[in-house]
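Next up: just one chain, as structure tokens, the form predicted on its own.
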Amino acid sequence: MTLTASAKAVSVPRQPVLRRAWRAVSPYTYVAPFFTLFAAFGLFPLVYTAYVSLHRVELQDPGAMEWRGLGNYTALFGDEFFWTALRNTFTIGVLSTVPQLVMALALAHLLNHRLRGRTFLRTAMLLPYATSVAAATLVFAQLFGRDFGLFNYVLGLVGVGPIDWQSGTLTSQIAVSTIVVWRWTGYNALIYLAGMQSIPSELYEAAEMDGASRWRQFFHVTLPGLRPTILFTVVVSTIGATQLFGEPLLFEGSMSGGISHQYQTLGLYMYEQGWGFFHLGRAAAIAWVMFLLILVLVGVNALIARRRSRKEAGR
């Protein structure tokens, strides 16, 4: 009897049903705003764009939709200008991404050492990123001018004739890539610098005690420690290169990307189809092709990184 009475005395009262239900549901209410915004501004436009890509939709009357199935995609893959834009996107992406990341890595390695005015240099490296893409492109368009451009003037000093940067295929792509490199190198350099500062200093001390030079420390300590950061910048730069739009549009002010489409990217080609020729269905198909292309490129980067990490882990 005494044990039963004491057990009843110390028993904890049961919580109300509503309170227990609220404790079970409340965590979801904290994340609900994010998923609501994502569904409204991320998922719904993606699904609706896929729906539009299966119809014939004209900008003059977007409410009138005619079912085409995969007709927009068939017409897209049969258009030679699509393949030209795809090739230009790949070429400009390589010309802008590779030098950009290499220069960013070199600048980050330089700023990782004790220098005078490091804070000023780090701040100054973000100025191109903060500059408007329209202002930067218009300035570079003047610098790459054929008759009065600064670059042709400098080349003329060493005996090189004037180059028509806007008409040539390779020259125009180099000019557009230069704008991208100028805008994004400092941004990536600061990301690399943050990654370098997270590498333990004990690794450098151990390498120095083993007699490793600065170059060996960079290749055997810094680069392996920066592998996740490098993968992140490669993926982000790949996505940005695939979606490149503002620089080629404002470089000459033409939706066609030059007289012979020599620097028209996929983003510019989509804009031309949708707002130049008023084919919204075709533009939606291009948008989905770009989306799938980005998924493939990101997947390939992730697969290569995973295989390399497994190979090194097995050593």
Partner chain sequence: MTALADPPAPVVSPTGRPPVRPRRSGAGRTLKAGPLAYAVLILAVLVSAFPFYWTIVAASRTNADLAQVPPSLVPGPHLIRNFEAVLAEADIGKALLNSLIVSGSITVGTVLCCTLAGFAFAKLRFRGRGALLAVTVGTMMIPPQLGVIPLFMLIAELQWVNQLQSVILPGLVSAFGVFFMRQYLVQSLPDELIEAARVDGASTARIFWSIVVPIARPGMAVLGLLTFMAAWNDFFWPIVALSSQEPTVQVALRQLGGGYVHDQSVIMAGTLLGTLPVLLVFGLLGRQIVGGIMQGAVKG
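Rigid core here is just the name for the largest C-alpha set that superposes within 1.5 Å across the two forms. Positions refer to the first chain, counted from 1. Keep in mind it's a predicted model, so treat the numbers as computed, not measured.
Heads up, the form predicted together with the partner chain isn't pictured, but that's what we're talking about next.
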### Task
Could you tell me which one of 245, 90, 81, 77 places a heavy atom within 4.5 Å of the partner chain in the model of the complex?
245
### Message
So in the model of the complex, is the partner chain close enough to residue 171 to count as touching (4.5 Å, heavy atoms)?
### Response
no
### Task
May I ask you to check whether residue 257 falls inside a 4.5 Å heavy atom distance of the partner chain in the model of the complex?
no
### Query
Quick one: does residue 294 come within 4.5 Å of the partner chain in the model of the complex, counting heavy atoms only?
yes
### Query
Wondering, does residue 70 line up within 4.5 Å of the partner chain in the model of the complex on heavy atoms?
no
### Task
Go through 187 to 217 residue by residue and record those having a heavy atom within 4.5 Å of the partner chain in the model of the complex; state none if no residue qualifies.
187, 190, 191, 193, 194, 196, 197, 198, 199, 201, 204, 205, 208, 214, 215, 217
### Query
Does residue 23 count as moved between this form and the one not shown, where moved means a C-alpha shift of 2 angstroms or more after fitting the rigid core?
yes
